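This document starts with one chain, in the form predicted alone, laid out as structure tokens.
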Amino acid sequence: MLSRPGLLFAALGAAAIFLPFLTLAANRIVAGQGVPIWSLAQAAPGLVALVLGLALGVISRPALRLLGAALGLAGLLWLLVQGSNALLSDAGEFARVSPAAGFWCLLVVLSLLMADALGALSPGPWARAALLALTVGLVALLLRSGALSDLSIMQEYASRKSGFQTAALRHLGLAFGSLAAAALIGLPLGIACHSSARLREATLPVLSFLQTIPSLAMFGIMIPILGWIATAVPGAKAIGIAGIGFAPAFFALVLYSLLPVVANLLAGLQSTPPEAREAARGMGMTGFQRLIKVEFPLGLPVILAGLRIVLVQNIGLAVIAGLIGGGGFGTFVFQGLNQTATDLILLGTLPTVALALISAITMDILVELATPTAERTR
């Protein structure tokens, strides 16, 4: 039998082969000329691996589909490395090579094929963690090997290496720091709302309203508020409070994070079966003991799912911090937009997407590990 998703991916991949695979430009700013796969030097091995991988992807057996996706990605990498080297060998000093629409489409198709195969295989959480670590390790090894150094995006990185490291740390600080702050505020607030219906009815509408404010508007609102605090409160500037920069972006992300944290905590605590609560009461547990020993452990998967939402959301929203001097990968995105430099935009976009994917998969693994084994096997 044939796999229906595999047939769709094979058709999409076959169509993508006819799109421009690489773009050759005279310099980093001007529009380049698309180059198809078949015109690349030494393209035959990579093209054969790519076609064979797509062909294996239509087979119903998940293991063969996974093998096909891995083979196709290897062929895609071969074409990217060999093609960029060959194109630059005859180009000018300032010439740039970038992946074009064909490459990105094939990358998405093969990634979806791999995800479909892994979904059918249903690996456990530890197996998924090992696969994630292996994938991240292979990508890191590829980047450190210098095989992709001819690509325009890697040349953008080479000229901004120290700035990229600073931006990465700032982006991590915004995303994970706001998550930690929201958890410190939201978890006690959620527990209080769980105990008091009146507080819950007053708090959730306010947090829902904050969530509806557009992100750029929220950042803008923070600027005059924190600017006033920096000038009116002694010592505020000394701890980093200012109208622009890291502080307004951080506080805006914290406000955005409170609703998912509080709402999922409430949902998790309220999902405790009544039988479990009655059994805890019968054992003489106090309300606090029931919360810590029964309700919180049983609701932990839902609570972690809320933290997952916050983390992925904040990784994406932190890009906008670049507009108000908050740093992060958004700095490169907006610099690239101002300079019409596509590869500089990608230098900020691709790490953001990768960080969001890694974080989402990691949190999914933690959610599954926190779920009782009996519920996992349903």
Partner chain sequence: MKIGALIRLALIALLLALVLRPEWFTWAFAPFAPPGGPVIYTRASLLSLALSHLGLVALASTASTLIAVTLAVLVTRPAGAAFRPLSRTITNIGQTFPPVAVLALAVPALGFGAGPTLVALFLYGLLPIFENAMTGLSTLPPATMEAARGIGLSRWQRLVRVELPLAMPVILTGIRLSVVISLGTATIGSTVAARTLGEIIIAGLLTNNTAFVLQGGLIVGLFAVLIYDALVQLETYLSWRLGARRARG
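Keep in mind it's a predicted model, so treat the numbers as computed, not measured. Positions refer to the first chain, counted from 1.
The same protein also has a form predicted together with the partner chain, omitted here; what follows describes it.
Here the chain is shown alone; which of 319, 37, 67, 49 has a heavy atom within 4.5 Å of the partner chain in the predicted bound form? Of the listed residues, the single hit is 319.
Would you kindly say which of 27, 42, 60, 340 lies with a heavy atom within 4.5 Å of the partner chain in the predicted bound form?
None of the other options qualify; the answer is 340.
Tell me, yes or no, whether residue 224 is in contact with the partner chain in the predicted bound form, where a contact means a heavy atom of each within 4.5 Å.
The answer is yes: residue 224 has a heavy atom within 4.5 Å of the partner chain.
Proximity of residue 170 to the partner chain in the predicted bound form, heavy atoms at 4.5 Å: Output for residue 170 is no: heavy atoms all beyond 4.5 Å of the partner chain.
Flag residue 209 as yes or no: does it have a non-hydrogen atom within 4.5 angstroms of any non-hydrogen atom of the partner chain in the predicted bound form?
-> Within the cut-off, so yes.
Exercise. Do residue 156 and the partner chain come within 4.5 Å of each other in the predicted bound form, heavy atoms counted?
Worked result: No.
Report task. Pick the stretch from 193-201, 125-133, 280-288, 210-218 whose residues have a heavy atom within 4.5 Å of the partner chain in the predicted bound form. Result -> The contacting stretch is 210-218.
| task | Heavy atoms within 4.5 Å of the partner chain in the predicted bound form is the criterion; list the residues of 131-157 that meet it. | result | None of them.
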